[in-house]
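Let's start with one chain on its own, the form predicted on its own, as structure tokens.
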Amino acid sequence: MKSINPYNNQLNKEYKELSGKQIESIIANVEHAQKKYKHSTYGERSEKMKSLAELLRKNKTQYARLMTLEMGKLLGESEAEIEKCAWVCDYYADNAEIFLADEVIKSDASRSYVHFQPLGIVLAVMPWNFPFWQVFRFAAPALMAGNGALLKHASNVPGCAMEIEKIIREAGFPDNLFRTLLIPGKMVGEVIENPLVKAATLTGSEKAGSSVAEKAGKNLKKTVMELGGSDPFIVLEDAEFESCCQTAVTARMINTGQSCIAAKRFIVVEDIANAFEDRVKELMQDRKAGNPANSDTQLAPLAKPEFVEDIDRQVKESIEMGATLLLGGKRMKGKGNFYEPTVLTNVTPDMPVFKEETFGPVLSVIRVQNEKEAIEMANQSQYGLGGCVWTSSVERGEKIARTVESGAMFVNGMTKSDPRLPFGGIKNSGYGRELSHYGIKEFVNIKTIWIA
């Protein structure tokens, strides 16, 4: 398993994959640790989780540089990601006991209530684009609920995977409660089949999610799936123009466009479409490409060479089908996995940049005549993760937010995840929720207690 720097495609380090026997041994060790850990108090777990948040902040630069080295994220974005991980640790340290307190419900019993118990070992299959955040938004609630955890991280960020296991142990959690499995994707099925593994969560592609869900379903195990999106960014004629344009580019370019909740389909009413296209083109074209570890770099590489090929295919096929190229549209010369900041307009629903999830610095504009058509265009997608709408009328924006088919909608703000709010999607974007009190309840036994 190789860690390769996307900036120059040079090898960082090689890691040895685990054998079948090693995997079985690790799972048995996690189960042994979890059986003891589940009897710990919320206060004991909270103390460890607070220590974990402290360690993350203390070593922020170290972890951020590792992320940047392995998957090419701008260093400033990497540092912000570590801060967010510390936040989610603090959030569940402070609130897990409240969220999982017995819930009294009146019935024909003299006393009846709901009691929440950990399931056991939860397998997390995580992606490379947010190597720490994706893991911690699962791990913090799972561990606070009393579960054990196995991490199968993306194969291009093994260093991050091992460092996460190390820091959780250093925070005081039992040695084998959280373990990383350095294995190829084809071995995930065997892990799910292990009777000691009780549930699985995955963030990734539809294909990977379907495969894991099928295997878990055959073995009657609970799953949560976050499978990407093609989020609409709706711009109405009464939007605050400059703020909207600035946010549009930020929402598209975060993590070089490699985010499930990055805005991808910019649905703009005809009255302001020309002005919107001109402004976002100005904002996109001035970004300086370079080493993502340098503070003055504004455009980072994509995580793998094949991702450059894929985004280039989507752009070229869309142009052949009638999209107009306003900016960029090709791979950048030189070393590294760089693709030019790209703006396409006259995009229609049959084009790849509309139908597929675009993971790269490509901003696609879809023109519509009015609000009704904007909503219809937003919903004309196989995905339903997030989205946003821009208008000077909050009432109008809220009405549209209720109508768009997605797991989240933001009014006059870019879509983002927040530990306090549930996160997840509908349609091909998956099912189940992470974060908030909903997320911690995904992997517990919701048990009814009835007393005569």
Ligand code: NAP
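A residue's number is simply how far along the shown sequence it sits, counting from 1. Because the structure is a prediction, the values reported are computed rather than measured.
Not pictured, yet referred to below: the form predicted together with the named molecule.
- Contact check for Asn346: every heavy atom lies farther than 4.5 Å from the named molecule in the predicted bound form.
- A residue is said to contact a partner when one of its heavy atoms sits within 4.5 Å of a partner heavy atom; Leu327 fails this definition for the named molecule in the predicted bound form, lying far away.
- In the predicted bound form, the named molecule sits beyond 4.5 Å of every heavy atom of Met49.
- Contact annotation: Phe359 falls within 4.5 Å of the named molecule in the predicted bound form, judged by heavy atom distances.
- Here is the short version: of Val308, Ala251, Ala154, Met284, the single residue with a heavy atom within 4.5 Å of the named molecule in the predicted bound form is Ala154.
- Taking Met67, Val30, Val389, Leu385 one by one, only a single residue has any non-hydrogen atom within 4.5 Å of the named molecule in the predicted bound form, and it is Leu385.
- Screening 85-93, 289-297, 327-335, 126-134 for residues having heavy atoms within 4.5 Å of the named molecule in the predicted bound form returns a single hit, 126-134.
- Of all the residues from 215-232, those having a non-hydrogen atom no more than 4.5 Å from the named molecule in the predicted bound form are Glu226, Leu227, Gly228, Gly229.
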